[in-house]
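Just the one chain here, the form predicted alone, laid out as structure tokens.
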Amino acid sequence: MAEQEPESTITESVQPEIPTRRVKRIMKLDKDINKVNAEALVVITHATEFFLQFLAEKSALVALEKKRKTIKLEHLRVAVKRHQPTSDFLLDSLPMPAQPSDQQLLKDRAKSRANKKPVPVGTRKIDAFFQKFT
């Protein structure tokens, strides 16, 4: 009878989807790290992929709870807050969401800037073109 090889001796190399060069470059930003072992780089890259997948899935669940199709920063913040280990180190790094009043102020400023721009000599505003003459 022919003996089959146990599956534990078969090793498959699965390449990460995130570029390892980029992960290595980010790791080398730390002044304490001089060299990065190839195996350690692959493990850290896979761990990064799993972490990003976890954050994306949790953020997608929050977005679905709020009946949204697009994941926004507020959804990511809620997902991070719900997971305590992630919240401990990541919540302070996330930017604060813009307040609705801030967004309204930005829109108002943009409108006022558009109205204040001088019209070049010999031209008129397009609003005047569409006004009814009586």
Partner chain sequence: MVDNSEASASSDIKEQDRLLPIANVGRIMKQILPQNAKISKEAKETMQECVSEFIGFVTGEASDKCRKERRKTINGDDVCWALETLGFDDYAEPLKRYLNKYREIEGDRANQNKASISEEMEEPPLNRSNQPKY
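Please read all numbers here as calculations on a predicted model, not as lab measurements. Positions refer to the first chain, counted from 1.
Unshown form predicted in complex with its partner chain; subsequent notes refer to it.
Peer 1: I'd like to know if K81 sits close to its partner chain in the predicted bound form, meaning any non-hydrogen atom pair within 4.5 angstroms.
Peer 2: Looking in the predicted bound form, residue contacts with its partner chain do not include K81, since no heavy atom lies within 4.5 Å.
Peer 1: State yes or no: in the predicted bound form, is some non-hydrogen atom of V62 no more than 4.5 angstroms from a non-hydrogen atom of its partner chain?
Peer 2: Looking in the predicted bound form, residue contacts with its partner chain do not include V62, since no heavy atom lies within 4.5 Å.
Peer 1: Does the 4.5 Å heavy atom contact test between K72 and its partner chain in the predicted bound form come out positive?
Peer 2: Yes, K72 lies within 4.5 Å of its partner chain in the predicted bound form.
Peer 1: Taking the shortest heavy atom distance, is K35 within 4.5 Å of its partner chain in the predicted bound form?
Peer 2: Close contact exists here: in the predicted bound form, K35 approaches its partner chain to within 4.5 Å, heavy atoms only.
Peer 1: At 4.5 Å, heavy atom to heavy atom, what parts of 48 to 65 sit next to its partner chain in the predicted bound form? List them in sequence order, or say none.
Peer 2: Residues within 4.5 Å: T48, E49, F50, F51, L52, Q53, F54, L55, A56, E57, S59, A60.
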